[in-house]
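Have a look below at one chain only, the form predicted alone, in structure tokens format.
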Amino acid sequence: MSADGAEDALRVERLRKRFGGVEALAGVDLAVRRGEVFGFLGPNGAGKTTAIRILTGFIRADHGEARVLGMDAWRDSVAVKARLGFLPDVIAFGGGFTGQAFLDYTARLRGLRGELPRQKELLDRLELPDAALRRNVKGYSSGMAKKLALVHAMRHDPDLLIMDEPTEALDPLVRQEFFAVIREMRARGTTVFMSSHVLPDVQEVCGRVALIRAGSIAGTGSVDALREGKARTMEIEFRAPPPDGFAVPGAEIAARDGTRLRLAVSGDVNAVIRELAKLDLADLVYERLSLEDLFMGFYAPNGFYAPDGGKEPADE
């Protein structure tokens, strides 16, 4: 249950799944509140798709519990699917369908009848015109196939929308319109659970995120909460190379190249600035910790992500 006593839209506890000798999920615990947009982050192979297939009732967990809208994801899968919109990671349509025929056929399966104004609205907003709907889906580009699958997943305004990599193959303008649709659905009370490895997309619409690593949750919370206490990157250029043995209290030197220095700042930034001011600075950039740096901080063996010349990961 959520802190306010309301039932969570999704809740998994001690979730485990093994495929032969590979442990895809190693005891996942996760809760998603009703009415929130929740991001599920991790690289390929981290366990995202396995968790989603369990939540949508396509495979059964080896151990643990998965509850969706208050129901058991496996035993009550038919009832769950009636209230669910789902976008899989791989889009594959049956042969012989045009885009319109696919939408008509799946509408009948769901019991949708008559005019479907929401479907027409989504087709217009995601830029899938009538000419495209008259074509066979086998000739669709990956972007067109993704748009058709998104319309199919969202047209009935589900209580819960689960999507695996929803923005992949979408062009930038369509991606922004998709984000607008998601915000509107959230305002109407729809719960959205989306997995992705495209970090800016998750940062765009998600109130909270979970980071999954090797089948286990590495961190959960708002982006701001996950940033708290994490090192931030500071880029410094000196007019002359700093002396050998130069150190900065409250910061770790992540990379050094002549007059350039990259610091991982975890202490008081005022103390760092005072130390740096003792030398002649040409430039200084201190940016807010990005979601990408945050994500890689959870994954990097040394706990800090330093692209383009940082520390080499320790051998495992």
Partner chain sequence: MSSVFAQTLRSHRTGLAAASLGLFLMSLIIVYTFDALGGASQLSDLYDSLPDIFAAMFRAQGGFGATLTSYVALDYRHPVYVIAAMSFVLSLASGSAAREVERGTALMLLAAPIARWRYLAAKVGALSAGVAIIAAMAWLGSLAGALLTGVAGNLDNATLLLAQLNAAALHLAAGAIAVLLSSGSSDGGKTVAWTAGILTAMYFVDFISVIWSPMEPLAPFGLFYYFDPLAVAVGGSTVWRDVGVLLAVAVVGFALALVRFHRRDITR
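Owing to the predicted nature of the structure, the values given are computational and were not obtained by experimental measurement. Residue numbers count along the first chain shown, from 1.
The form predicted together with the partner chain is left out here; the points below concern that form.
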ask   = Which residue, Arg134, Arg183, Lys120, Lys81, has a heavy atom that falls within 4.5 Å of the partner chain in the predicted complex?
value = Lys81
ask   = Among Leu160, Leu116, Val223, Ala149, which has at least one heavy atom within 4.5 Å of the partner chain in the predicted complex?
value = Ala149
query = Going by heavy atoms within 4.5 Å, which of 183-191, 202-210, 239-247, 83-91 lines up against the partner chain in the predicted complex?
reply = 83-91
inquiry  = So in the predicted complex, is the partner chain close enough to Phe179 to count as touching (4.5 Å, heavy atoms)?
reply    = no
task = Please check if Gly57 has a heavy atom lying within 4.5 Å of any heavy atom of the partner chain in the predicted complex.
result = yes
query = Quick one: is Thr106 in contact with the partner chain in the predicted complex, heavy atoms, 4.5 Å cut-off?
reply = yes
message = Test of understanding: in the predicted complex, would Arg110 fall inside 4.5 Å of the partner chain by heavy atoms?
response = yes
